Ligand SMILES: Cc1cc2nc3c(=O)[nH]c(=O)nc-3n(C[C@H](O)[C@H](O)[C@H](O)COP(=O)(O)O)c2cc1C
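The form predicted on its own is given below as one chain in structure tokens.
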């Protein structure tokens, strides 16, 4: 995928995942072949009023190739001001989140709630495009409670978006059911700007199905959780699948920026994804261990069994 002078070098993109896409995870996914990575969702308003908290979410790894910063909000001028914030200077592309289905985000009229107010959504996009010296993209869903993705996609294009990413579920579906690849194909055929497909790509078969829609890029989210190797697999590359090396690399990077107590609690979900083979009591120990190093020992012990 190529966007002006920005060459992705491939079509595999790591999805933005709140509470998951930390710098360590983005680093290991990039190491195994992710061509582009997104930040976690960054609150436009928080960047204005609490930049210190947001700053930790904008640190990046040199391993990352194309870096995309994703912002969310519902106030056009605040969103536009966020784009010029120095915290976003290192991102080559700015993405607007109009796809998050989390209740606390939707309740504030942000994320996928904007799919219910297309005039406001359009104003946000056009205002951000005017304020930006970089491409502005939009991540959307099929719609809020029904599929009106063609209308939404055309609105994004007419408002100046450089590309759109479609997670092929409605907001009300959340992450249940199956992604609608036919809707992705329809949107790709209808728009002149690039379309990235998102939803249920977890292996070679689903990757081929997504590519068959004609999309310009493929975004992988849950399929990469505990499995950064997926990018190498889909590219047909040789790779070292030593899960302990990956875990230690992930943690080593986090230790440069966060205290041990935070890392121990935060990494529990990642460790359980990485060590999906753990069962029963051993799994509980990792989920409750007060020591990250003890958790690693438990995982190592079970790998060698």
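Numbering follows the first chain given and starts at 1. Remember, predicted model here, so these are calculated numbers, not experimental data.
The same protein also has a form predicted together with the named molecule, omitted here; what follows describes it.
Considering 160, 221, 226, 194, which brings a non-hydrogen atom within 4.5 Å of the named molecule in the predicted bound form?
Looking at the other structure, the residue within range turns out to be 221.
Give me the residue from 15, 12, 23, 292 that has a heavy atom within 4.5 Å of the named molecule in the predicted bound form.
Looking at the other structure, the residue within range turns out to be 15.
Just checking whether residue 153 would be counted as a contact of the named molecule in the predicted bound form - the rule being heavy atoms within 4.5 angstroms.
Result no; residue 153 lies far from the named molecule in the predicted bound form.
State yes or no: in the predicted bound form, is some non-hydrogen atom of residue 178 no more than 4.5 angstroms from a non-hydrogen atom of the named molecule?
Output for residue 178 is no: heavy atoms all beyond 4.5 Å of the named molecule.
Just to confirm, residue 54 within 4.5 Å of the named molecule in the predicted bound form by heavy atoms?
No.
Wondering, does residue 70 line up within 4.5 Å of the named molecule in the predicted bound form on heavy atoms?
Residue-level check for residue 70: yes, a contact with the named molecule.
Only one of 185 to 193, 199 to 207, 144 to 152, 117 to 125 has heavy atoms within 4.5 Å of the named molecule in the predicted bound form; I'd like to know which.
Careful reading of the contacts points to 199 to 207.
Which residues from 83 to 97 come close to the named molecule in the predicted bound form, meaning a heavy atom within 4.5 Å?
Result: 97 alone.
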